[in-house]
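The chain below stands alone and is given in structure tokens; this is the form predicted alone.
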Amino acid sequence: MEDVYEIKATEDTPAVTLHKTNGLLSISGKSLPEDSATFYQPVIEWLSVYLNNAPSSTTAEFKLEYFNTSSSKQIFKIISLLKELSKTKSVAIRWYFDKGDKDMQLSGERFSKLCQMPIETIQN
């Protein structure tokens, strides 16, 4: 497992940073990959391994401008893994949205309800 795993943003895919030592997961930008399962697979695999070696606290930050339906399924999987981690470690999930972007704010609240995991929604 690499200590730091990064995916650079493209026009249709988000930037992803996973930092094991710092316990930081960050996903930002637009998430519109043609095949979101393939795009997010390395992230989910990294997180699955991370669960067994995580530091005492983990912070996940979602700073998405937009995401498609297939990406939402992968985001759900990521938050579900974080929920699993929260059973033994401290986990904070922050969901950022731009002022006036009610849809993005509600998306964070929906993920919180669906995953039964506290998610702090924060206006940029």
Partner chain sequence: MLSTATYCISGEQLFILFKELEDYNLSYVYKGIFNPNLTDKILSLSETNMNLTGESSKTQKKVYFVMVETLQNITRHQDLTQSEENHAFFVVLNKNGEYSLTSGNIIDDSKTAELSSSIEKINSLDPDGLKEYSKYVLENTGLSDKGGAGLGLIEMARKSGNKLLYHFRKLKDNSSFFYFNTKVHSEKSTAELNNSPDNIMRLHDFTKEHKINLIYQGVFTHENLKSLLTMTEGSVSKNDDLAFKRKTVNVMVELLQNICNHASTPNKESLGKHGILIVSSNDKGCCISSGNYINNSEVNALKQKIDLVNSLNNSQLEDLYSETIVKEQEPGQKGAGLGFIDIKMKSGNNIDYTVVNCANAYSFLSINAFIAF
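Computed from a predicted structure; not experimentally measured. Numbering follows the first chain given and starts at 1.
Only in words, not in the display: the form predicted in complex with its partner chain, which the text now covers.
So, in the predicted bound form, is Leu32 in contact with its partner chain at a 4.5 angstroms heavy atom limit?
Judged by the heavy-atom cut-off of 4.5 Å, Leu32 is in contact with its partner chain in the predicted bound form.
Should Asn68 be classed as touching its partner chain in the predicted bound form when contacts are defined as heavy atoms within 4.5 Å?
Judged by the heavy-atom cut-off of 4.5 Å, Asn68 is in contact with its partner chain in the predicted bound form.
Taking its partner chain as it sits in the predicted bound form, is Thr59 near enough to touch it, meaning that at least one heavy atom pair lies within 4.5 angstroms?
Thr59: no contact with its partner chain in the predicted bound form.
Look up in the predicted bound form whether Lys73 has a non-hydrogen atom within 4.5 angstroms of its partner chain, and give yes or no.
Judged by the heavy-atom cut-off of 4.5 Å, Lys73 is in contact with its partner chain in the predicted bound form.
Quick one: from Lys77, Lys89, Lys83, Arg94, grab the residue that has a heavy atom within 4.5 Å of its partner chain in the predicted bound form.
None of the other options qualify; the answer is Lys77.
Please state whether all three residues Glu2, Tyr5 and Ala15 have a non-hydrogen atom within 4.5 angstroms of its partner chain in the predicted bound form.
So, no: the whole triplet misses its partner chain.
Any residue of 93-112 that, in the predicted bound form, places a heavy atom within 4.5 Å of its partner chain:
Residues within 4.5 Å: Asp98, Lys99, Gly100, Asp101, Asp103, Arg110, Phe111.
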